[in-house]
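Presented below, as structure tokens, is a lone chain in the form predicted on its own.
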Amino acid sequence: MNYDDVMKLALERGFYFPSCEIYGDAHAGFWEYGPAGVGLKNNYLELWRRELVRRDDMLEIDGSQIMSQSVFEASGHLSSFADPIIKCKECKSTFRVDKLISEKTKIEIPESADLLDFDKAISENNLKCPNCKGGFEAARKFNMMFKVGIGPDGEPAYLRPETCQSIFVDFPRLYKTMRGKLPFGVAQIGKSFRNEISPRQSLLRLREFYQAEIEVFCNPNKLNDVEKFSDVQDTVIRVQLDELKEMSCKEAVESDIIPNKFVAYYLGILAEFYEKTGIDMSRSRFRKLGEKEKAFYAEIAFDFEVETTIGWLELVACNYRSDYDLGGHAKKSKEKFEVMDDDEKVLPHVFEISMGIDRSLYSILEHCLRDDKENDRIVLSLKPYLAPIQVGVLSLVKKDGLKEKTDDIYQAIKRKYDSFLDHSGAIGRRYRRLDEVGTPFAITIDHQTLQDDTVTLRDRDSMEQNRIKVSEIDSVLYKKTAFP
């Protein structure tokens, strides 16, 4: 199944859709989650908390989306957070130049490359404006920050372009009040905002998007002193350097493909997390970024990417940010960011796991969506613990007391499981609607239910049906839908 199939599913089954779509002046790059999308997103984030945040005893905060100008002066975003653009001399259309070159020539130039590199590629390949065939002005940088005015005088502030800056500026208070000890992990889920030049392909490039970020503060002198590394040393990851290699985390460290056990540990637990989301890990990779590809704050960078029908998608940026952030905020604010680690006073370094939630959800949908031609159905084979509807509760017919019995069973389980009640239509069509939205189980109440108090439990993937007692529904569903 491809991007268009996922888009059709999203619109027809309430996963996501364009914001303000009834108006002609609605801006691109803003999308809204429907009921099915919210259910999937909430379950995904609960898995993230279980497998990453709670696993490592991290703290979670919820910071402000609007932050002062000083924050982004210290972070470098006001001077460095920019994309390369190019404008047509004739029709004045603006394009992101690295994407334009890639689409027209298949030449990949990193977005952080020198502007002259883009101008040279435009000239050598005689590229013209796709809209009017006009020539281009020289490439330039466009800062993607959203500026806002605070109060009646419009004091300048900015919508955050990433959620992590509040973690950095809050670090001294968090470390003190929570009795911190290195390594010290802080997590945050929230929206970030980037004024993308040409947002497109629904959830894949947005101006308003969800991130789940983890910042782990560490002692730079102890990056190979990681007791927990034994938990993931045998975890297999796929690393892309000049070529793609599949190896254990231990082998990656011993061969210097990953620089230390600290970084390898977090890549390992991230890989274990995505395996539990239903992503096909044979179509994933940790791609090590070159010097011109890395973000301006990154010393070492790996992107976790997943292959889809529209190419490789970056889902997570894994950046060793050294002391760039804490050092910058300490210098700008004049506050103290050093901490004691045993008897050593250190300015902590930071390793970041910056996850794009929207792209991750798209990738899960594409990897789990299949066309079961043999049984004439579309199936979204989500993991049961991620499914927005875990169980459909169906009456075979609405008469002979079956509706009332079905309603009773639904009322008994709906507060514990994400459930859907359906009395209308042929039972086969109802099963297929549930299959398409990813519902792993369906309970059907029929005439036999009134005789022996049993129901039919149907499995989405195998289509097998078994009779179970009404009294067993809760225990059976708990075992089948519980988080791993």
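Just so it is clear, the model here is predicted, and its values are computed rather than measured. One rule holds for the numbers: they count along the sequence shown, beginning at 1.
Absent from the display: the form predicted in complex with the RNA. The rest refers to it.
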query: Close approach of F81 to the RNA in the model of the complex, 4.5 Å, heavy atom; finding: yes
query: Heavy atom of R194 within 4.5 Å of the RNA in the model of the complex; finding: yes
query: 4.5 Å heavy atom contact, K176 to the RNA in the model of the complex; finding: no
query: 4.5 Å heavy atom contact, P35 to the RNA in the model of the complex; finding: no
query: Contact segment among 167 to 175, 241 to 249, 369 to 377, 149 to 157, judged by heavy atoms lying within 4.5 Å of the RNA in the model of the complex; finding: 369 to 377
query: Position in contact with the RNA when the complex is considered in the model of the complex, options R285, H77, K261, H329, heavy atoms within 4.5 Å; finding: H77
query: Heavy atom within 4.5 Å of the RNA in the model of the complex - residue from K383, K104, K128, R96; finding: R96
query: Candidate site F17, V236 and V346: all three near the RNA in the model of the complex by heavy atom within 4.5 Å; finding: no
query: Residues from 392 to 410 in contact with the RNA (non-hydrogen atom within 4.5 Å) in the model of the complex; finding: L396, V397, K398, K399
query: Direction of C-alpha distance change in the model of the complex, E299 to R140 (at least 3 Å); finding: farther
query: Outcome for the Cα pair R140, P156 in the model of the complex, compared with this form (closer or farther; change of 3 Å or more); finding: closer
